[in-house]
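Before any questions on how it binds or moves, here is one chain, the form predicted alone, in structure tokens.
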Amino acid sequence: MNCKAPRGTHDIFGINALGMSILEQKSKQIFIKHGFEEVRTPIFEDASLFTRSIGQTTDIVEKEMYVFEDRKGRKLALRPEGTASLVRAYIEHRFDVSYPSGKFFYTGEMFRYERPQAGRYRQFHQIGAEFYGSLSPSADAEIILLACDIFSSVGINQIKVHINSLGCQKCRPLFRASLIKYFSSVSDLCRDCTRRLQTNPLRLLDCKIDVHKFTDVPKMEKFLCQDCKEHFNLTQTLLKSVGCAYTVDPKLVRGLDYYTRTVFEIRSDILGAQDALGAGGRYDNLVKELGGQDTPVVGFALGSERVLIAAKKSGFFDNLNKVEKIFIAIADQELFSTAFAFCVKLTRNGLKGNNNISVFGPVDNKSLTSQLKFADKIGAAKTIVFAKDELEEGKVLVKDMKDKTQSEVLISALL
């Protein structure tokens, strides 16, 4: 029997599990401050949902989706991203009526069959938010700032915001035709670029193989209609007004077909070559394309594993180790119930002047020497020992496990 996790998956435990929980908690706090409400969707959906929303010619649909048939022959897929599922829920439950603010967030596992690398797994975690019903550039700016705030909350301040506009259904066809004409003149395109040339030419802009061949590539900004140009300009103005530095990146595209107008990516040099922390943009036509009302949407998602790598490199994990471990020991077995009651009070109320603790023990039927050895193994900072003589005076022994000193302390001084 192979007792290892499948390739591309990983177990999350210890400090990494704590970091994941804190990232999700901090994200939820920020979302709620901005008026966003949580939605939890199934981890699998009808496969056609992703085919229709993400696009037939995307890498996700062509290569990466986990698709399977259930016992009745229905084709299902593990969700590769969160937006399509949230849009489906928005339409199915008429969120436009019951939640007029239109602000939602999600957390959870996603699945993509791709080559595993640092911070990228076949089962991974995403955190995302989406703002429905607003055509205003202020929604674009709010979503970008929301993402920046989350990164800052876990100590990642070395970030770069890249933005671009992909135009709309009115102006993008002109840009698309110009790209096809340009790329058709480039010789020896890689296999993916050759395949995408007629179906999804925007994806050629972020090709890592042929990028050195592309000089003087047409830029979308020259093709933007007046409405898209004004939208993009005002988005930039709003970002500037709050001191958010950004770079307009003409080569920035998104790997999914549903994006329109604003797209953005937030990167950090601290990650090295794989520098993307999160990304998003507008998808104003997606709700209607999936059978709902004509509803504009702007949103983003971040990859939790990659964000935590950046957070660790930024020193955020150093602060997670500051929880003080307290071990409760007994010198006499008959004091077990007394020590147990004290342990419960300490766990619930904390030490006087220090609530940032975790409490272990007591352990029965073990010698005091064995208990102290165990306290060392778990990294306890202090061990509180219950012994008969001291307890008669309302005291316990407090051992400092680092410098091996001990003192008698009144129980009333601890609780």
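Predicted model, so just to flag it, every value in this text is computed and none were measured. Sequential numbering from 1, following the sequence displayed.
FYI, the form predicted in complex with ligand HAM isn't displayed, but the following is about it.
The closest non-hydrogen atom of residue 144 lies beyond 4.5 Å of ligand HAM in the predicted complex.
In the predicted complex, ligand HAM sits within 4.5 Å of a heavy atom belonging to residue 303. Ligand HAM is not shown here, but in the predicted complex it comes within 4.5 Å of a heavy atom of residue 124. Ligand HAM is not drawn, but in the predicted complex it has no heavy atom within 4.5 Å of residue 140.
The stretch in contact with ligand HAM in the predicted complex, judged by heavy atoms within 4.5 Å, is 271-279, chosen from 88-96, 271-279, 325-333, 219-227. Here the marked residues 50, 172 and 201 all miss ligand HAM in the predicted complex; none has a heavy atom within 4.5 angstroms. Just one of 313, 176, 160, 120 comes within 4.5 Å of ligand HAM in the predicted complex, counting any heavy atom, and that one is 120. Residue in contact with ligand HAM in the predicted complex (any heavy atom within 4.5 Å), chosen from 103, 112, 196, 231: 112. Shown here without ligand HAM, the chain has no residue in 224-241 lying with a heavy atom within 4.5 Å of that partner in the predicted complex.
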